[in-house]
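In structure tokens, one chain follows: the form predicted on its own.
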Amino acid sequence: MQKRKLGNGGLEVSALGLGCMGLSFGYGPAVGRADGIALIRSAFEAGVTFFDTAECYGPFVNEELVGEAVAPFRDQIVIATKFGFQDGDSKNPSDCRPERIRAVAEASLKRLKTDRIDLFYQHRVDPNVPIEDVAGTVKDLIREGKVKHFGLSEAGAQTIRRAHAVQPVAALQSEYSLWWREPEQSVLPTLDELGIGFVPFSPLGKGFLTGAINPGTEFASNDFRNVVPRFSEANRKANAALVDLLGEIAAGNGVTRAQIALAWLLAQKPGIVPIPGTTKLHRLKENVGAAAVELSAGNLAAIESALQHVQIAGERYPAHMQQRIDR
């Protein structure tokens, strides 16, 4: 798989990464440990060198899974993990005090079985801690060799600028896909100006863009899509127009909907590295195959034109989660 650079600090990763959250957390029952390890190792064998986790995925167990899985090839890959929530639980308030960031770094290093964190993200902006203090703390961890690069997640343009002035930001991670394009308004231009990479999470619309989810799909009781407005039965029905559109484009190119959605992201800018997640080996192979799909200028223009006629229904987060997004 081709490589891409995130930011101007020499961080090079595979064009597609693997979002590991769903192996342990968020999308129903966790996979068995052996199965999770096997999937991560299969991703590496397929050319993936960028693996995304966080202390709050579980909490904690996802980092342990990733650490064990990548141990045989640790020096050939990039691990991204995150800090930002009280006691490492995403249901709790933000906690990005310097002492907390340091404690998370030490705990994550142990769980990941490594001596450095390649990319350390602030998971959500903490309204109670100046971003300069957050960036300064990570800068110190970088000086100490415990962290290699600094990242932000779901941060707005002004916060990115303030952080970057203290410690260069290698990458911003935020949701971006064919059904969520808000980053194009102010965030992407800011990243271009400052030389910061972009890591889209949920690049397949939390599975919706694959076509595998329909109005009758029932999610597991602990699947957070149950509370996401965009996944209500009525909104799934309304949003089927986008899935149908992707199906037509995919058929015309001899690929799948997921591959079109990922190829579209890759075609936007050279510093974009999507991190689709999956628990299934056949989906992993499908996603990896998207890195070889090249959309022509005509394809991209047709997609853009068609999207003008598709109205996406439903908010991407419930209100209590939306409040955590930095503007």
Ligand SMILES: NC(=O)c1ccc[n+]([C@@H]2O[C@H](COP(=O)([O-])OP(=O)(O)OC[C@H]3O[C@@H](n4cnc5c(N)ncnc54)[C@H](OP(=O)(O)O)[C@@H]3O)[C@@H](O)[C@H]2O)c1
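Start at 1 with the first residue shown and count on from there. Note that the structure is a prediction, hence the values are computed from the model and not measured.
The discussion below concerns the form predicted in complex with the named molecule, not included here.
Every residue of the trio C20, S153 and A212 has some heavy atom no more than 4.5 Å from the named molecule in the model of the complex. Although the partner is absent from this view, K206 contacts the named molecule in the model of the complex, with a non-hydrogen atom inside 4.5 angstroms. Among heavy atoms of E64, none comes within 4.5 Å of the named molecule in the model of the complex.
In the model of the complex, the named molecule lies within 4.5 Å of some heavy atom of R225. A residue is said to contact a partner when one of its heavy atoms sits within 4.5 Å of a partner heavy atom; E55 fails this definition for the named molecule in the model of the complex, lying far away. Of the candidate stretches 295 to 303, 64 to 72, 280 to 288, 40 to 48, only 280 to 288 has residues with heavy atoms within 4.5 Å of the named molecule in the model of the complex. Site annotation in the model of the complex: the residue of T159, S202, T114, S232 reaching within 4.5 Å of the named molecule with a heavy atom is S202.
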